[in-house]
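Next up is one chain by itself, shown in C-alpha cells, the form predicted on its own.
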Amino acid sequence: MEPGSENVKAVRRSKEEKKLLRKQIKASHTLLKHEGISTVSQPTKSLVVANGGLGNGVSREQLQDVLGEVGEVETLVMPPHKPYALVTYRSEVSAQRGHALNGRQLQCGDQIVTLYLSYINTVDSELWGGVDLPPGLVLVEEFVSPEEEALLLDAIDWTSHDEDVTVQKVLKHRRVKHFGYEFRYDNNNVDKDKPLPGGLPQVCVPVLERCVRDRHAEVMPDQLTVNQYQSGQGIPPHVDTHSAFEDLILSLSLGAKTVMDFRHPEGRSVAVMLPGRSLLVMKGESRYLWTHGITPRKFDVVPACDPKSPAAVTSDLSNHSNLTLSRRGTRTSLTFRKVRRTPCDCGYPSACDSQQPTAPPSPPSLPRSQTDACRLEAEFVHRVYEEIACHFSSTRHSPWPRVCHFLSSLEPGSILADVGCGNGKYLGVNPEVIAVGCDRSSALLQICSERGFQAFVSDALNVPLRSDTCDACISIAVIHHLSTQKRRQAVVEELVRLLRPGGRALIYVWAVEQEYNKQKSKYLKETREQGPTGDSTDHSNQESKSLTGNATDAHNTAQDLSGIATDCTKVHRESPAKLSVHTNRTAFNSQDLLVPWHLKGGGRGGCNQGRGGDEQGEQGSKNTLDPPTEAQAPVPNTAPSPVFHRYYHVFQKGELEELCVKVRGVTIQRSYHDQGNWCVILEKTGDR
C-alpha cells in the first residue's frame, strides 16, 4: 500500500454521508444565524445538538439516554422552547464518540427527529442565570400532604348541582365551582350582599388555619373558586379584579403540575412551575400589577425530577441544565380570597378599577378629518413625548447600526437634516457632516441642546428649511406616528422637498412583521416564548377579555387600560374604528393602535430612570448612566408608575414603498427589513 493511501480512503464518503454532512453544516449555519452559536471543526468536550431541543419535542430523558451510550455526560443544557441542546462530556474522547451520533433518529410522539451534532468551544455560563419571582409572590411546595390532597379532591363533588350551596359552571376551557360567594363572569365581580349558603367547605378550614398560623395570611378567606383543568386547557393572562377582593390570593394546586406565566405590563415575564400540593401566595405587586395565566398546551417545560431526590422538583425554570418535557394531566386549583368591602386604594392606580373614573373614557377613534388627526396626534403623540422625554431619552442612546452605516457613507461637508431627531442620538454619528435636527418635543430638544447639537422645534409636515438644500435627510421612527395616509405621505414629500437633486433620504417605520424570514425582532425576543415549537396557542378559542374586569386562576378575563380587548394571534388588516391598546412585546393585532409607555418612578420623566419598555428593538441598548454617588443616591420612589399611550400606525410589507412611489421626483434605491422596521432609501431625481 502506498504511503498516505489509507488517509485518502478515510476521506471518501458515500452519498448518504455527504448528504448528512451537508445537513450538519446547514444546521450549524442556522444555529449561528438565529441563535448566535458558533461551531468549531476541531474536537472539544462540548457539542451542540441541533434538533435535540425541548422545542422539537425531545425530552431530557430521551436525549440523555442517547448521549450516554457513548460516554459519561458532565452537563446537559436544554434551554426552554429551543430546537437545540448543549452537552459537555467528561472527556474529549467521549465527545468524539458523541459527535459520531450525527444522523441519529429519535421517535418523539408521532414525529421522527434527526440529530445533528457539532463541536463548540464552551457552554455559555449565562444560561444558568436565575430569574427573580415577581415581588410579593411566594411558592410553598408540599403545603398539603397526599392524604389532605385526597380529602380535598373528594370534597369537590362535580356531580352535584345544588345551586343553594354552590355555583358550578362549565366554561370553554375548564369547569369551575364557587363557594362563599359567586364570582360573576358577566361583570367580573362578586355580589357582596348575596353570600352562598354554607360558606367554605369544612375540609378547607384546617388548611386555611395553617396559612394564618404560618403567616401566609392574616385573615381567613371567605370566597373559594375551584378550577379543574384537563390536559391542553388553560386560562388567559389576567389580573384579579381589585375592587372584588382584598390583597391576598392563595392558590392551592392539586393533582398534576403545571406552569403559570407571570407578565409585567412592561413585557418582562417569569414562568413558574406549580407542583401538585403546592401553595401559591400572591400579594402586592404580583397580585395587583402582573398578569398571570396558563397557556393551553399538552406539554410543559419543567425541571427534571431525579427519582433519587424528590426535592429536585422546584419552581425554578431558569436552570436550563435541568429541564425536560412533562405531559400535563388533570389539575385542580383551589383559589381562596377575601371579599373586599371598601374601595381598593392600592399603589397601582393604572391597573385598579376602584381608582379609575366611574365611566372609563372611551378609547379614541381613527380620525375622519384633518381636525381629528391633529387632535389625536396632539393627545397621543406630542403630549406624551413631552411627559416622558427624559425617561424616553435614557432608553435611546445606542444608534442603530444600519442607520449609522447610511450616515457614515455621506461625504464630508454634506448637509444632513434629521426630521424627528428626538434626543439627537444620530446628530453626532458622523462629525464630518453639517447636521441639524428638528422635533415637535421641546423637552427632547432641550436634551439635544445640552449635548451641543443644533436642533429646533418643528413639525415634520412643515420644516422651516429652504428647498433643495440638504444632501441627506433621515426620518427614523417618525412617520408611523402620523394617523392618516395623507399625512404620512406629506411627511415623505417634505423630506424630498428638502433634498437637493441627487440627495438621499433614509426612512424607518415600525413593521407589522416583527418576525421576518424566520427571525424574530429584538422587540419580540425580550419575552420568553411560551410552549414548544409547533405547540400553538389559539387565543381565539379563549374566553373573551373584559373592558374593566380582571381575574385570577379562577377568572377568565384580562384588564385592558383602554377598555379594548386584544387578540394577538393575527393581524387584522383593516383597522377597527376604535384604537386598541397593544400588549408590549407581543405580535400586533391591528395596524392602528396605542402602545403603552410605563413611566418609571411615578414622576414625570425623571432623567435617571430606567427603561419604560416599548417598541423598535433598541439595538444594543443598555442604560449606561453612571451610578449615583452616596451623596446622589436616589430616594426610593414608591409612587405608582404612570402609563401613557402613544399612537402608532405599523406598516405592512410593501406599504412604505407604495407610499413613497406616490411622491413625484424620487426613486427607491433600496428597501429592507431591519429589526422589526421597514426601511427605504430614496434618491431625489429632480423631476418634480
Partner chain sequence: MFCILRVYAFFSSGLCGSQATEVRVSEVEFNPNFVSRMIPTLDWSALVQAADGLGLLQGLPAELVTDYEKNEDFLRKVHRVLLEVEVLEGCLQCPESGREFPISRGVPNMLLNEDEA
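Numbering follows the first chain given and starts at 1. Worth saying up front: this structure is predicted, and the values here are computed from it rather than measured.
Absent from the display: the form predicted in complex with its partner chain. The rest refers to it.
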Next item on the list: Consider residue 459 of the chain shown here, and say whether it contacts its partner chain in the predicted bound form, taking contact as heavy atoms within 4.5 Å.
Entry: yes
Note to self: Using a 4.5 angstroms cut-off on non-hydrogen atoms, would residue 434 count as touching its partner chain in the predicted bound form?
What the structure shows: yes
Note to self: Using a 4.5 angstroms cut-off on non-hydrogen atoms, would residue 407 count as touching its partner chain in the predicted bound form?
What the structure shows: no
Checklist line | in the predicted bound form, residue 471 touching its partner chain (heavy atom, 4.5 Å) | finding: yes
Notebook entry, point to check: Given that its partner chain is left out here, which of 374, 219, 100, 138 has a heavy atom within 4.5 Å of it in the predicted bound form?
Noted result: 374
Note to self: Within 4.5 Å, heavy atoms only, which of 594, 239, 176, 445 is in contact with its partner chain in the predicted bound form?
What the structure shows: 445
Notebook entry, point to check: Using a 4.5 Å heavy atom cut-off, which stretch among 104-112, 245-253, 147-155, 414-422 contacts its partner chain in the predicted bound form?
Noted result: 414-422
Check: Judged by heavy atom distances of 4.5 Å or less, which residues of 445-468 approach its partner chain in the predicted bound form?
Finding: 445, 446, 449, 454, 455, 456, 457, 458, 459, 462, 463, 464, 465, 466, 467
